[in-house]
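Only one chain is given next, in structure tokens, and it is the form predicted on its own.
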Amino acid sequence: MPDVQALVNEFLFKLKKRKIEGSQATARQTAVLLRSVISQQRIPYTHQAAALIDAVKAVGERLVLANPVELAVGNIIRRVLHIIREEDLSLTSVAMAGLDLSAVSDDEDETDQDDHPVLSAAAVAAASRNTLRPPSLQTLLEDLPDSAAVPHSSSSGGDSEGKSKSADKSSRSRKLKHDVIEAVNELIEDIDTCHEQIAEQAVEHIHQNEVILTLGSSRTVLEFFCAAKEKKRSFRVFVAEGAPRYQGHLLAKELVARGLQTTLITDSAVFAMISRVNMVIVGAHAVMANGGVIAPVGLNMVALAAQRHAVPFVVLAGSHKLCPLYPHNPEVLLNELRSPSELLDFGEFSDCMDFGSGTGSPLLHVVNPTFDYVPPKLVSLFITDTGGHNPSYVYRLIADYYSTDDLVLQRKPASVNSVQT
């Protein structure tokens, strides 16, 4: 088995050095790392879920601090913590149901034959709880005593009873870890297939002879357009180049290679071209709890232009991009500054240095933010791997994926948010 600490340190290095780009890649690697942490974590006979939660939080806080602006890391950590709580509650419910069945079985001689159908229904309900995870845990009991999870056998002696309890606890701990790992595997599969699940809905939103505008490059947007093309939809795409990294050039080449009619425009031409557009479809870096979007820089300008001309503004985002935090939370870093070399090369920048002052302080300052914040009022529709949703419904999706106890992993001073939009 690989050394978990070595894996954590390697992933921390990649996050700090920005060696991983894209929410999907970051989310997947975070889930894989946490799966390794859980699989090699030794848990005690009692408080098994608490031990797993502490282990995940210890690693998670380090990962979040390594790259605070990559919100997908914190999202996956909170999703895994929610999974642990959910699976522990499911096992506890099954154990409590088994305890009820044992109590009824001890008194079955005093019970009429008509009560046997009730026992059968209880057994079916217990089996259902074992295979189906409860939908919403915020309104259920959070932590039940571990002693309630061990059924009592009145026919056993003291020693055999103690051995039975130890065996039950050991079996339950293995069952908990196994169920959590299986749920994390399902999460990883969902992350891997989110593009395909979103693309399946393309034919419902893209119609014949439409003109669609996008900005920059997004694999989700690319697969969405290609899925509509495969369904014999004929449409045209305007691609804003997404300066200063010009990711739109890459998307335009991909679209042309897939046989789509594509027009490349400058970012400054968006407002001039928006009147010809039927719909704006873009990707996202993260979706906040209030329905706001953290997206590549320039998209707020596109959203404002779309609102001015009553053009629908549609955001494609996998469920791993849904963040349970709000933009005003102190632990949320909305933006970061990229290298000035993306705007000016060293020769041009050195010509602007004031060497006459003796300090060499620059007269020209270059600010190169990475992201824009698009408020929810500018978003018409979110298309996720679970379907299309209005911005006002995002909070309900988040309630299904996260536990309120795990929202804050590590608080940071507000001064860290150096550049917010």
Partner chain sequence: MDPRRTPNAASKPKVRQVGFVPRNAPPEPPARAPSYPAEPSSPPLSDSPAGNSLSPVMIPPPRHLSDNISTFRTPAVPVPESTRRRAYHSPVVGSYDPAESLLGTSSPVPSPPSSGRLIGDGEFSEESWLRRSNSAKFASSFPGGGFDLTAVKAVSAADLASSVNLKKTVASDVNVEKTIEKSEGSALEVNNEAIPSSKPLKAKPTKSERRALQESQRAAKAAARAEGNKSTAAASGGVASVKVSKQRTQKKAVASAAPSVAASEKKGSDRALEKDRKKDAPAPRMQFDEKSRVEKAKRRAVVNQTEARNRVELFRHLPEYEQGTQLADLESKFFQLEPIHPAVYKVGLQFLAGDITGGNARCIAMLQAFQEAIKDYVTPPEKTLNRDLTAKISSYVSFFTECRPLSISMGNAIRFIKNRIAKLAVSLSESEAKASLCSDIDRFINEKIIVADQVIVRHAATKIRDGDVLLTYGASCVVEMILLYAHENGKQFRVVVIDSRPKLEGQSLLRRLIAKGLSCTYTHINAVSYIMHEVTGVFLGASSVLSNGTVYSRVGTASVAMVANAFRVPVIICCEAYKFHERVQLDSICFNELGDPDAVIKVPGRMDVNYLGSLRNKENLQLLNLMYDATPSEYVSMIITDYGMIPPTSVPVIVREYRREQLWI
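Keep in mind the model is a prediction, meaning the values are calculated, not measured. Positions refer to the first chain, counted from 1.
Although it is not shown, the form predicted in complex with the partner chain is what the next lines describe.
In the predicted bound form, which of the listed residues (Ile181, Ala95, Ile188, Met301) lies with a heavy atom within 4.5 Å of the partner chain? Exactly one residue meets the criterion: Met301.
Can you pick the stretch from 193-201, 287-295, 274-282, 80-88 whose heavy atoms fall within 4.5 Å of the partner chain in the predicted bound form? Only one stretch qualifies here: 274-282.
The partner chain contact at Ile53 in the predicted bound form, heavy atom, 4.5 Å: Although the partner chain is absent here, Ile53 would stay clear of it in the predicted bound form, with no heavy atoms inside 4.5 Å.
Exercise: Ala58 in contact with the partner chain in the predicted bound form, heavy atom 4.5 Å: Looking in the predicted bound form, residue contacts with the partner chain do not include Ala58, since no heavy atom lies within 4.5 Å.
So in the predicted bound form, is the partner chain close enough to Arg42 to count as touching (4.5 Å, heavy atoms)? No.
Just checking whether Glu331 would be counted as a contact of the partner chain in the predicted bound form - the rule being heavy atoms within 4.5 angstroms. Yes, contact at 4.5 Å.
Taking the partner chain as it sits in the predicted bound form, which residues of 239-254 have a non-hydrogen atom within 4.5 Å of it? Please list them. Counting only heavy atoms within 4.5 Å of the partner chain in the predicted bound form, the contacting residues of 239-254 are Glu241, Gly242, Ala243, Pro244, Arg245, Tyr246, His249, Leu250, Ala252, Lys253.
Work out whether the Cα atoms of Ala306 and Val332 come closer together or move farther apart in the predicted bound form than they are in this form, the change being 3 angstroms or more. It is closer: in the predicted bound form, the C-alpha atoms of Ala306 and Val332 lie at least 3 Å nearer than they do here.
Out of closer and farther, which fits the Cα atoms of Glu331 and Ile294 in the predicted bound form compared with this form, where the change is 3 Å or more? The answer is closer, because the C-alphas of Glu331 and Ile294 approach each other in the predicted bound form by 3 Å or more.
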